[in-house]
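Read the single chain below, which is given as structure tokens and is the form predicted alone.
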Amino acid sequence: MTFRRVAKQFARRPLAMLGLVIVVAMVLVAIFAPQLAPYDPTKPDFTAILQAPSSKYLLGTDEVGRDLLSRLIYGARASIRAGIIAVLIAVGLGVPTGLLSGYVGGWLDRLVIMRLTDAMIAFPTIVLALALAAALGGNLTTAMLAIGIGSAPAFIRLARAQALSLREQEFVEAARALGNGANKVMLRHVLPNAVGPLLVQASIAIAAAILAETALSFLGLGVQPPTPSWGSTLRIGTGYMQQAPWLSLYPGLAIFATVLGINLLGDGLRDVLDPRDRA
């Protein structure tokens, strides 16, 4: 399926286009945060503590007078970067391992790779991420690493399933008959035909990674103060639910909108790239 055809089919889906607009908007906000933020997100103003939304502070201020809008704009950087890098780690670990497992098969597949994958799947991603983040120390780098490792089993299983299906196809058998080695066949014939499902899984995994990073920051194991993040801002807001509900409301809406946009985008990609779902 050509890129132009994929783009045309994608454009016919309003919800998918809405998801694309939301995702692009959030990425642009993260990239141009210094230009968009009206105030320094880490600078306190003790004369403006817990001020309600106004013309000066559009979304209000926090417990030390920092502008909430500026902190949410800069917080988008941490969440989106964590989601993308964590998924890149998961793809880098999971896709080669899954392709090798599915294409080669044998004892390496059944007794080693899949048993280790099953053991990792037995722990929910967020629990595994919590354990790794607690062991390695709480910061954004360890949070991304922990989330990436915790997300890798999903890519291992998907890549393995694609390799198991594709290795029996005639074009793969023809490539082997021409004397191509296993590595060449996997890279040139199996992997390109598995990109569609892997791309859909990656889009879904980014949303899950953003939620996981938010949870880790909420628990103090992700982004550390005073660096702004949606999770840490949400944690602060829980202590002021009565007198300053905006501290919880707006970070929650930012997380909700971002994850919703990514999920809508992923659903659209799945509908376009997976003929079985499209049928």
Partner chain sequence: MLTFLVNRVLSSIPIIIIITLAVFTVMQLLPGDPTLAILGDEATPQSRAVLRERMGLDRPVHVQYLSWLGGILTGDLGRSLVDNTPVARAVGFAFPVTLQIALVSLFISVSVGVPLGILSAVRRGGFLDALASIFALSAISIPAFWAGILLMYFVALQLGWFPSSGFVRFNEDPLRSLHHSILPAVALALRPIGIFMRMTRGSMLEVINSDFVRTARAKGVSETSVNLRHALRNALIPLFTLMGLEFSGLMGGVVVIDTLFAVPGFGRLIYSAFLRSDFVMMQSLMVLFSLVVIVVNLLTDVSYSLLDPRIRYS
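Residue numbers count along the first chain shown, from 1. Not measured: the values here are computed from a predicted model. Throughout, rigid core stands for the largest set of C-alpha atoms superposing within 1.5 Å between the two forms.
Quick note: we don't show the form predicted together with its partner chain, though the next part is all about it.
Using a 4.5 angstroms heavy atom cutoff to its partner chain in the model of the complex, all of Pro124, Leu211 and Met241 count as contacting.
Only one of Leu187, Leu164, Leu199, Ala131 lies close to its partner chain in the model of the complex, with a heavy atom inside 4.5 Å, and it is Ala131.
Among the residues Pro226, Gly252, Pro44, Pro53, the one placing a heavy atom within 4.5 Å of its partner chain in the model of the complex is Gly252. For Ile22, no non-hydrogen atom is located within 4.5 Å of its partner chain in the model of the complex, even though that partner is not displayed. In the model of the complex, its partner chain stays beyond 4.5 Å of every heavy atom belonging to Gln9. When its partner chain is considered in the model of the complex, Leu269 lies well away from it, no heavy atom lying within 4.5 Å. At the 4.5 Å threshold, heavy atoms of Ala119 reach its partner chain in the model of the complex. Residues of just one listed stretch (66-74, 44-52, 211-219, 28-36) have heavy atoms within 4.5 Å of its partner chain in the model of the complex: 211-219. Counting a residue when any of its non-hydrogen atoms is within 4.5 Å of its partner chain in the model of the complex, the hits in 248-269 run Ser248, Leu249, Gly252, Leu253, Ile255, Phe256, Val259, Leu260, Asn263, Leu264, Asp267. Annotation for Ala177: C-alpha shift under 2 angstroms between the shown form and the other one, rigid core superposed. Core-aligned CA deviation for Leu116 between the shown form and the other one: less than 2 Å. Once the rigid core is overlaid between the shown form and the other one, Leu187 does not reach a Cα shift of 2 Å, moving by less than that.
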